[in-house]
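The chain below stands alone, shown as structure tokens; this is the form predicted on its own.
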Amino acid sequence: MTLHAATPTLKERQRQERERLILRAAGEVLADQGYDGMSMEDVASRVGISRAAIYLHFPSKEDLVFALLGRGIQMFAESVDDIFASGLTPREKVRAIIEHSYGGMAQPSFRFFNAVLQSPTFLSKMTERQRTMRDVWNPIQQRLTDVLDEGKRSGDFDTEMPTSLMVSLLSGLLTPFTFKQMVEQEGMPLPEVVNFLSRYFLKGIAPSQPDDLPETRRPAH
């Protein structure tokens, strides 16, 4: 017997739609006012509901922003899945991930990420909720691990370098701070930033050549 997922009730669909509207409004308010200037009243006003109604979905402003970050990361994870299904080589997939990440940072909808990362108040909340942030980021970490392990198996990437280190290095490249400094402040064209970052990372994780090895490990002639 084939089991089918239960169809959401009208009440559940209405709840999901309201949450979607609240999250969209929260992103707009964050982009305009920053985390410290954002209030639940402002978000409620944009949605056209009472502040009390928001608290039925999100207990606090902090919970609302974490939910917004989680949704953004989940959408990014789904985009990475599309890249994985494209038939590209591991090297091409890594470049596509970097290109997609920085292309997303150029979109107006990404402005709320900058807003929260520029708030010392929210950064302290992130520190307090490290476990929550790990859970939110885990889907991306797992996908990066998968593509880098694939590259190790194909011989594209250094099999001796720990995958966890590769993931950490790649994650460090996918940051709004680099985008803000190089693209917004210094005016470097986005394709150039993507090209240089891709070259830098892919060279760094390429299989070692004999001349790259320490003296004690170089083969004797």
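We number the residues from 1 along the sequence you see. Between two forms, the rigid core is the largest collection of C-alphas that superpose within 1.5 Å. Because the structure is a prediction, the values reported are computed rather than measured.
Just so it is clear, the following notes concern the form predicted in complex with the DNA, a form of the same protein that is not shown.
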Point to revise | Exercise: L30 in contact with the DNA in the model of the complex, heavy atom 4.5 Å | key: no
Check your understanding: Is K152 close enough to touch the DNA in the model of the complex, meaning at least one heavy atom pair within 4.5 Å?
Key -> no
Point to revise | 4.5 Å heavy atom contact, K180 and the DNA in the model of the complex | key: no
Review point. So in the model of the complex, does R46 come within 4.5 Å of the DNA, heavy atom to heavy atom?
Key: no
Review point. With the DNA left out of view, which of L173, L56, L190, A67 would have a heavy atom within 4.5 Å of it in the model of the complex?
Key: L56
Review point. With the DNA left out of view, which of S39, S168, T159, N195 would have a heavy atom within 4.5 Å of it in the model of the complex?
Key: S39
Review point. Any chance S86, R95 and T145 all have a heavy atom within 4.5 Å of the DNA in the model of the complex?
Key: no
**Study point:** Shift of E192 between the shown form and the other one at or above 2 Å (CA, core fit)
**Key:** no
Practice item. Once the core is aligned, please say if the CA of L68 is shifted by at least 2 angstroms between the shown form and the other one. Key: no
Review point. Is R91 among the residues whose Cα moves by 2 Å or more between the shown form and the other one after superposition of the rigid core?
Key: no
Revision key, fill the gap. With a difference of at least 3 Å, the CA distance of L148 and R129 in the model of the complex shows the atoms farther
